[in-house]
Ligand code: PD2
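Presented below, as structure tokens, is a lone chain in the form predicted on its own.
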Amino acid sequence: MQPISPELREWIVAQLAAGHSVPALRQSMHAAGWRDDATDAALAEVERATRGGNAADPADAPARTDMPGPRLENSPLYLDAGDRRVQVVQTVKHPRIVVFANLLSAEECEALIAAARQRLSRSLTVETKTGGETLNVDRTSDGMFFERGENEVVRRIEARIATLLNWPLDFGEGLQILRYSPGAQYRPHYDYFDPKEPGTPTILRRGGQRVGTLVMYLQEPEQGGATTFPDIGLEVAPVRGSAVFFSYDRADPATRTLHGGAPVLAGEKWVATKWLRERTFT
């Protein structure tokens, strides 16, 4: 690993104090030739120091070992999801990302869209400062939530996800449906709840931290709309019936799970998102 010099520490501290984000610093360090492991270590060390080395800091906490995810021993091409054979298209080890094909049928995609269409409203994001929800200028989609097990199609898909990802069904949030019209996007963000924010303890009472995300594509746009992972330069095309899963073993940028929804350039993109918690979600 590249050494972390005092000059580099001072530079990172100055950049953070000036209001630059951790993802922006990571990008600058990568452009300067720093390796991923050294970049993550340097940023985590400085963040811990600037927060006083709090023992509750997620960067200090041990990573979870019990995590959702498909069983990929022996590099299978297909996985049994109970009622459906799902294809493994692509995998990344760090962060853990798996792209699936044939997770949903065309009929299931249409059923979710039809049931959600009349209930759409401007998408909100969880507000970690208060524990509530709020409009976010970075998120310009329309959306709604199904209650867990709300109808037959939702129940079938939730059972399939639980089998595929080896995670209890009741550890999942309700299925969220999102519609992205031309120009709509979701700028890069993390799905875990920031432990430093005052509203996070309220959010965590309902099921603990988020530990995994599954984004399923219900309708393809004509152009644009990829799911992007800026830290690793990956873009996942929004192909109907396919999905991308990623997990994060701690609430820290070192997980490299920064992701976003690129702007839709033509047509509409519809997705279904399933967030997984560390315990029963109520």
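Because the structure is a prediction, the values reported are computed rather than measured. One-based numbering along the sequence shown.
Omitted here: the form predicted together with the named molecule. The next part is about that form.
Q: Give a yes or no on whether every one of His189, Val215 and Gly260 sits within 4.5 angstroms of the named molecule in the predicted complex by heavy atom.
A: Each of the three qualifies.
Q: Please name which of the stretches 147 to 155, 68 to 76, 111 to 119, 173 to 181 has residues with heavy atoms lying within 4.5 Å of the named molecule in the predicted complex.
A: Answer to the contact question: 173 to 181.
Q: Answer for Ile12 alone: is it within 4.5 Å of the named molecule in the predicted complex, judged on heavy atom distances?
A: No, no contact at 4.5 Å.
(Q) So in the predicted complex, is the named molecule close enough to Thr227 to count as touching (4.5 Å, heavy atoms)? (A) Yes, contact at 4.5 Å.
Q: Determine the residues of 246 to 278 with a heavy atom within 4.5 Å of the named molecule in the predicted complex and present them in sequence order; the list may be empty.
A: Stretch hits, in order: His259, Gly260, Gly261, Lys269, Val271, Thr273, Trp275.
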